[in-house]
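The form predicted alone is given below as one chain in structure tokens.
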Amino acid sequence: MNDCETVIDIQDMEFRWQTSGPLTLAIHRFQVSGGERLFIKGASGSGKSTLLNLLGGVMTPQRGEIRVLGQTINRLRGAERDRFRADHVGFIFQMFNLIPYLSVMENVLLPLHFSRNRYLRVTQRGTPVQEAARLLSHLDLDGEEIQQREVTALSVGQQQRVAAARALIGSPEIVIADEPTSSLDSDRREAFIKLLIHECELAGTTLLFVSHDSSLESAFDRSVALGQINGAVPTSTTGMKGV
């Protein structure tokens, strides 16, 4: 994927939780370029997580188009969206969503069981276990002893890095991070973001990082306030809706 190519393109998109309810999101135009590291900021309840779920094909809008990697994902059937997400998108959830009865290594390898594309990318460079170990090592989880532990035995910061390695394995074109640093202190937040951005740069991965903490935005290529692009909520920020 060429870095200057548009990998995400939203046009005239509207989403509401209930048919007769108020709009949650109304985005006229929003674009993200390949390889970009984008920080999306907004207050709690502003629709940040909803936007990420729409971009990942977890949900679909009532109106408009969401094109990801050239595919209009809201026109795909549910199973097709699931396949697309497994092949092309790595998620880091706010609560990590690790499988508690699996080891660190098994959690990281999990996406390869659902995506042949990501599995094949990994095996071009070595074995899945070698690639998972490399990612974990780069994220400061080095050594077989820690990699074979159950994830419930890890600290919050360590679990966060396992979730990042799971999202990154198989070099998905897009990684989406939903408030993944909310439970960490400032030093651990900064260290984690540096590691995450470094791994995305190595793989040429586009990173969308959502947070209400604007102190983090200086680490990213570009910052967007959700209120600037979302016509469904009032905003005091002056500017164009299109990004």
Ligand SMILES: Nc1ncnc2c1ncn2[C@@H]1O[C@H](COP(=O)(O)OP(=O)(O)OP(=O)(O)O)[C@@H](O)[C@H]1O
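For clarity, every value in this text was computed on a predicted model and none was experimentally measured. Quick note: we count residues from 1 along the sequence shown, nothing fancier.
Below: the form predicted in complex with the ligand, not depicted.
Contact with the ligand in the predicted bound form, judged by any heavy atom within 4.5 Å, is made by just one of Thr50, Ser33, Ser183, Thr60: Thr50. Put simply, Gly45 is close to the ligand in the predicted bound form: some heavy atom of it is within 4.5 Å. Mapping the unseen interface onto this chain, Arg67 falls outside it, with no heavy atom inside 4.5 Å of the ligand in the predicted bound form. In the predicted bound form, the ligand sits within 4.5 Å of a heavy atom belonging to Glu179. Put simply, Thr19 is far from the ligand in the predicted bound form: not one heavy atom of it is within 4.5 Å. Comment: 36-44 is the region of 214-222, 36-44, 185-193, 199-207 lying near the ligand in the predicted bound form, near meaning a non-hydrogen atom within 4.5 Å.
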